[in-house]
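The chain that follows stands alone, in the form predicted alone, written as structure tokens.
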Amino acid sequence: MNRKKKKPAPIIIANWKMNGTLIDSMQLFKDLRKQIHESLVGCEIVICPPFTLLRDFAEKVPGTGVKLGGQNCHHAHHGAFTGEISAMQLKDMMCDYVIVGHSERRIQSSEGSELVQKKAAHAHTEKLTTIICIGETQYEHDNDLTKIIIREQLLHSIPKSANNSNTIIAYEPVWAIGTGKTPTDEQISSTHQYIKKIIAEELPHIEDSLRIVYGGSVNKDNAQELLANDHVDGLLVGKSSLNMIDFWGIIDAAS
């Protein structure tokens, strides 16, 4: 008898962006830790706070079941790069993950896919799992350019060192980030399947399928529907991860 392969536990990634003071963030984490302790959590939880909070989180996350990640890293090991942070420094702060290629950096800091690839490759040398973000703008979406943009970003952002253990692809349509808009279930399925197709056919050095998470106006009300999609392996959460009730609603949906 053929049985459907069980879907692995999803990963929920919180990107706090440039938000959070030490006092407020520690209280949020304290509440989250208490909730985790009292509940049965069936997903992997990653928090990516601002760099200013990493040291304090490094002391708090061990033993909690929560993993720590950086929001970005430089492509060099060290050097005269004022205002930057290296993958080595993230690892020193107990990070297991790092986000690279987020649309806000691609657009606001003019970071191209080739630079994203360099960052990811360097992060892999420090044993960090990279969360490589891709996604199309509203203009590209409206003009049926999504597949062209996705393919370009995949082929030029994913380094040769990528594999199923150290790389996650985060599909975040730019037009859905912070807008309250989300693609339809069919659109998400189609795009995630296309991502897998491009990786399988044009990046043959990657032997196994990479996990693909969805991000863009994720909240506690739509999380369960998003996670029910067979092609969604987790969620990248922005604004809703800054509120304990909202974030726990998403974690609960994943569990």
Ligand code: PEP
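What you see is a predicted model; the values in this text were computed from it and never measured. When you see a residue number, it is the position in the sequence shown, counting from 1.
Keep in mind that the form predicted in complex with this ligand is missing from the display, and what follows is about it.
Asker: Although the partner isn't part of this model, could you tell me whether E136 comes within 4.5 Å of this ligand in the predicted bound form, counting any heavy atom of the residue?
Answerer: It does not: once this ligand is placed as it appears in the predicted bound form, E136 has no heavy atom within 4.5 Å of it.
Asker: Residue-level contact is defined here as any heavy atom of the residue lying within 4.5 Å of this ligand in the predicted bound form; does E104 satisfy this criterion?
Answerer: Heavy-atom contact with this ligand at 4.5 Å: present for E104.
Asker: Tell me, yes or no, whether G70 is in contact with this ligand in the predicted bound form, where a contact means a heavy atom of each within 4.5 Å.
Answerer: No, G70 sits far enough from this ligand in the predicted bound form that none of its heavy atoms falls within 4.5 Å.
Asker: For G112, is any heavy atom within 4.5 Å of this ligand in the predicted bound form, or not?
Answerer: Answer no; every heavy atom of G112 is more than 4.5 Å from this ligand in the predicted bound form.
Asker: Which listed residue (I149, A176, A121, M88) meets the criterion of a heavy atom within 4.5 Å of this ligand in the predicted bound form?
Answerer: Comparing distances to this ligand in the predicted bound form, the residue within 4.5 Å is A176.
Asker: Within 4.5 Å, heavy atoms only, one stretch in 192-200, 61-69, 39-47, 208-216 touches this ligand in the predicted bound form. Which?
Answerer: Result of the contact check: 208-216.
Asker: Taking a heavy atom within 4.5 Å as contact, would all three of N15, L236 and K239 count as contacting this ligand in the predicted bound form?
Answerer: Heavy-atom distance to this ligand in the predicted bound form: all three under 4.5 Å.
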